[in-house]
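Here you get one chain, nothing else, as structure tokens; it is the form predicted on its own.
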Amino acid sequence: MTDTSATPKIELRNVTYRYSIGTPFEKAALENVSLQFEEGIITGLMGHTGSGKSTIAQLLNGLLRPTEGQVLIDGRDIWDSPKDIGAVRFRVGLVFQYPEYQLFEETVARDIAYGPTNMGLSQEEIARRVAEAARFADVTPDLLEKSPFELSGGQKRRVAIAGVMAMDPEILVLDEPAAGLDPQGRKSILDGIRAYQREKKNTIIIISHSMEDMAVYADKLMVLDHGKLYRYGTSHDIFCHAEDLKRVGLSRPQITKFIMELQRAGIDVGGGIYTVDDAYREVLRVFEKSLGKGADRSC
């Protein structure tokens, strides 16, 4: 079980999930897994392909039901009343990989409004939520009356994410939300998700293969290996164990490798650097220190 003194908002308790039960293709995606996701932070969920990340996302949202064990929100099993599982999906918003393929309404505004409309909200509340979600997802007002199918790939992705944000879920689970986008598109989407979490104070779980993104945007990191929890902690807790990460098919962020190369070259840069911003500050510190030792300050 995740070792945390903070209150878990949502958790898996002794969960096993098997696909294709009773057939020759039966396989356990998760085996007796216990995970606790802290309330009010961004947790990065990482692991190699086949480690169980997407299965966990669907279990948290109630799209899959555990073969064994429990999924709990605020300490209550979401399957206590199976007929009410639809209400759980309003509390736990799930953004699949490539969610832009699920857009279907005539306009962007109507697509974002689809979830809130199904919640039975007033038109005034729906309009407020559409505007708010569009702001977080960087969907500009001039796009709202366009057809989703006129948009670029990155714009479609932001619209799809806004549609889930508009339901104002207590917990938001995003499966590779920036996959396939260029660096600016990745930054735009992830900046919006972080701004959304900081303002709303809700619980966010981001599934990602990108060590760089998770080092920047996640408050805590959770590493899976073959359906088991491997490590949990801060970026420093996780990335300082480079050899362990290699054994589970992951690696340190590229910027960390760059800093290590500088160290091997004899440059006096510090360790524990996992983001470009941190690397910039450290390299600048070393440069300014060298200037203080008599280097030419005019250049």
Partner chain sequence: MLKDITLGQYFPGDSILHRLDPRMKIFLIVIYIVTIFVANNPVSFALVLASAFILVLLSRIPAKLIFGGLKAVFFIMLFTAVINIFWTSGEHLLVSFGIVKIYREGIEYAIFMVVRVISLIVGSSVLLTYTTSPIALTDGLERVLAPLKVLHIPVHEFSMMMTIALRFIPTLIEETDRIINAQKARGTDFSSGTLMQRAKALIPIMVPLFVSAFHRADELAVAMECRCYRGGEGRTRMTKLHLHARDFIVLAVLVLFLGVIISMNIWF
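Numbering follows the first chain given and starts at 1. These figures come from a predicted structure and were not determined experimentally.
Beyond the structure shown, there is the form predicted in complex with the partner chain, which is absent from this document and is the topic of what follows.
Asker: All three of E176, S235 and F239 touching the partner chain in the model of the complex at 4.5 Å, heavy atom to heavy atom?
Answerer: Not a single residue of the candidate spot has a heavy atom within 4.5 Å of the partner chain in the model of the complex.
Asker: Select, from the options 101-109, 198-206, 67-75, 134-142, the stretch whose residues sit within 4.5 angstroms of the partner chain in the model of the complex by heavy atom distance.
Answerer: Flagged stretch: 101-109.
Asker: Exactly one residue in L190, V216, I126, L94 has a non-hydrogen atom within 4.5 Å of the partner chain in the model of the complex; which is it?
Answerer: If I apply the 4.5 Å criterion carefully, the residue I get is L94.
Asker: Just one of I171, L224, M167, M211 has a heavy atom within 4.5 angstroms of the partner chain in the model of the complex, so which one?
Answerer: Contact check passes for M167.
Asker: Taking the shortest heavy atom distance, is R89 within 4.5 Å of the partner chain in the model of the complex?
Answerer: So R89 counts as contacting the partner chain.
Asker: State yes or no: in the model of the complex, is some non-hydrogen atom of M260 no more than 4.5 angstroms from a non-hydrogen atom of the partner chain?
Answerer: Heavy-atom contact with the partner chain at 4.5 Å: absent for M260.
Asker: Is W79 close to the partner chain in the model of the complex, meaning a heavy atom pair under 4.5 Å apart or at it?
Answerer: No.
Asker: Test of understanding: in the model of the complex, would N61 fall inside 4.5 Å of the partner chain by heavy atoms?
Answerer: Yes, N61 is a contact residue.
Asker: Looking at the partner chain in the model of the complex, which residues in 105-138 have at least one heavy atom within 4.5 Å of it?
Answerer: Going through 105-138 in order - heavy atoms within 4.5 Å of the partner chain in the model of the complex - the hits are D111, Y114, G115, N118.
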